[in-house]
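Heads up, what comes next is one protein chain in two forms, each shown on its own as C-alpha cells, labelled structure 1 and structure 2.
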Structure 1
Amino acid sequence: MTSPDIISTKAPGLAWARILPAVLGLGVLVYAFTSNGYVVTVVGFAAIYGLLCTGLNFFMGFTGQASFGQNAFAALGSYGSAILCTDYNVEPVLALVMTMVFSGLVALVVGYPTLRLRGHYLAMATFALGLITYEISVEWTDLTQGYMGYSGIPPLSLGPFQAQTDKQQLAVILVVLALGVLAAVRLRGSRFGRACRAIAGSEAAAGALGIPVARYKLISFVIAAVYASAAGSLFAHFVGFISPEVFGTTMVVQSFTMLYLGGIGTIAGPLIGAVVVSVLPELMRGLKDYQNIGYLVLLLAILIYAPKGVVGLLDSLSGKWRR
C-alpha cells in the first residue's frame, strides 16, 4: 500500500496531483506580494495556521491521538513573546525560541499524566487544558491585561534587520513555516516517525514490537506544543496585539477544520487546509448575507465527498487518471 506522501515519479497522473497544489500555493504567494496589505494579512494568517496545524498533524495524523488543547500552547507562545518583548525588551526571535522551550516544558509536565488516557478521555482532558489557559488569560489581568488585550508588541526582528512592513513580516513567517515543514518531513521519515505511525495503527501491536508507546506519544505531544507556541508568537508579532478571544474554542474548531479539510496524516494537508479555510471566506464576500451559509455548505460538500481531504481527493483523481 502506497503512502499518500510517497509518490512514484513514473506515474504522470500522480505527478500533476502534487504539482497542482504547489503551483496554486505559489500563485497565492505571488498575488499576496503584489497586492495590498489586506491580502498579505490573510495569507499571513493562513501561513501561521499552517504552522499550527503542521504540529497538530504530527500528534493527530502521524501518532493517531486526539488533542483539543493546541490553543493553550498557542496562547503561551503569544503571551510569552508579548511579555518578554514589551516588558523586558527581549529580541523577538529570542523571545520566540524561549517561549517554544517553555511551552515544550509545560507540555512535558502536563502530558506525562494526561497521555495515559485514551480516546475521548484524552480529548476531553486536552480540551480542559485549553479552557483553563483561556480562563487564566482572562482573569490574570496583572499579567495578560485580560479582555483589554496586550498591545505594542514589536514586529519580528533579528539584530539590525527589522521586518517593518507587512510583506517583510510575511516573508519571515514563510521562512519559519518552511523550516517547520522541513522538520516535519524529516521527523516523519525518521525511525521515530515510523514508530509514531505504528502507534497510530495499533498501540498494542506497537508495544509488542518493543516501541515505548507512552514515551513516543509524549514526545509527539511536546513537538505539537512547540509548533503551536511558534505559531502563537508569530501571530503576536504579526498583528501587534493579542487578546483572549483569539485563543478560544474558535481556534480549536478552525485548526481541526483545516487539518481534516486538507488531509490529516499528510505533509501538504495542513498547508492546503489552512489556505482554503483562510481564503474561502474572502472569495465569498460577494454573497453578502449568504456568505456564511455558502461557506459552510462548501466546506460540508468537501468533507462529504472528499473524506480524506483535498490531498486524498487529488490522489484519487490521479489514480483514475493513471488507470
Structure 2
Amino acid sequence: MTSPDIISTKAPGLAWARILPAVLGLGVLVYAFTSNGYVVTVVGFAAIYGLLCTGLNFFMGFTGQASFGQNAFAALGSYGSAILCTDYNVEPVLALVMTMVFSGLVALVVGYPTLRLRGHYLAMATFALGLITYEISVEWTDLTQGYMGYSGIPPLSLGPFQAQTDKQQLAVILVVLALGVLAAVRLRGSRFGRACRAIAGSEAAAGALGIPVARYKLISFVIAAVYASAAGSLFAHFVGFISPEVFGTTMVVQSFTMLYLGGIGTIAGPLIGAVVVSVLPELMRGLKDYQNIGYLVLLLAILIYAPKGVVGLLDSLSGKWRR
C-alpha cells in the first residue's frame, strides 16, 4: 500500500489536481499574513508539523519503514534548543543546528541496532524510544524541569535580526520548511532516494541490485530524526514554552494522521495533511469535548477507506479528468 510506483518513467504532469494544493497553500499563507495572531499561530503549528512529517515521510513513505518514536527526536530538538538558548545564551540558529547534529548522531547510534527489526518489532522498538524519552523528560527534573516545563525560550534570531512578532517568526519557520521540502524533493529524485524507494518495494530485490539496504535505511532514519529535531527547535522558539506532554503519544498519532490523510510517500502529502489536521480542530471547536473523538474517527476512516490520502484521491480524480 505504501510502496510507490518505482517503475514509473513518465515525468509527473502538472494536472490541475497537482496545482490545486499549491494554490490552496498559497491562499492559506496569504490569509495567515493578513489575519490576526491566532490564525498565525495555527498556520505556524501547521508549518512546524509539516516539517516533522516531511522528515517522517522520508523514512515511512519513501523507504517503507515505520517509526512510532519521532516524538523522541522532536523532544531532543526542543529541549536542546530551550536549554542552550536560555541557560547558555547560544544563538538560536546555532542551537538549532547543534541540536540537529546531536539528534542525528543519537538516531545513528540508536538506529543501528533498532533498524534490524521489522514489522511490529520495529514499530514497538521505536514506540519504546518515544516513551523512554517522554519518561526521562518527566523524571530528569534537573535538566528538563519535569512537568513544570521550560519557559522563557527566546524567539528566533540571527545576529542583529530578531523575529519579534508572530508574523516574522512564521516567516522564518516557512523559510526553514521550504528548505526542508526542497531538500526532500532533491533527495527523492537522487540516486539515494530512488534506492530508498526500491527498498520500500522489496528489500530482497533492492539488496540483490547491490543497494546497501541496512545503511540506506539508517541514513533515512537519521534524516527523519534531523527533520524532527528541527521541528522541535522551531516549536520551542515559536511558543516560548515546552513541557513533556507536548511530546507524548498524541504527537505520534497526530503526525501519522497528517501523513496518511495527506498521502504517504508523496512530497505534497505531508504538507496537505499538516494543514488540514491543524485547521480541522479549529473548525470543529463547536464540538468541544467531542473534538478528539471526531479527529480519531476521521483517522480511522482514512486508514480503512482512503489509505492513500488526499493526494491519492486527487491523483485518481485527475486521472479520470484526463481520460
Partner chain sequence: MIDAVQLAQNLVNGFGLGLIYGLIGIGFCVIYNASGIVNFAQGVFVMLGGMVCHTLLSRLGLPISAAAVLTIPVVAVIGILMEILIVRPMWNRGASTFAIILATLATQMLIEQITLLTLGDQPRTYDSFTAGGPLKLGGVAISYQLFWVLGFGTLMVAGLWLFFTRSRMGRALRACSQNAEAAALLGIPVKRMLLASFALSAALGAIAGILVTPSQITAYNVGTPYGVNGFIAAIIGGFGSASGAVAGGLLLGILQAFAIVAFGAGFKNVAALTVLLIVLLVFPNGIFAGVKSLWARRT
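Sequence positions of structure 1, starting at 1, serve as the residue numbers. These numbers were taken from a predicted model, which means no experiment stands behind them. Under this definition, the rigid core comprises the largest set of C-alpha atoms superposing within 1.5 Å between the forms.
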Which of the two shown is the form predicted on its own: 1
For Tyr260, does the CA position differ by 2 Å or more between structures 1 and 2 when the superposition is done on the rigid core? no
After superposing the rigid core, is the C-alpha displacement of Gly294 2 Å or more between structures 1 and 2? yes
Classify Val310 as shifted (yes) or not shifted (no) between structures 1 and 2, where shifted means its C-alpha moves by 2 Å or more with the rigid core superposed. no
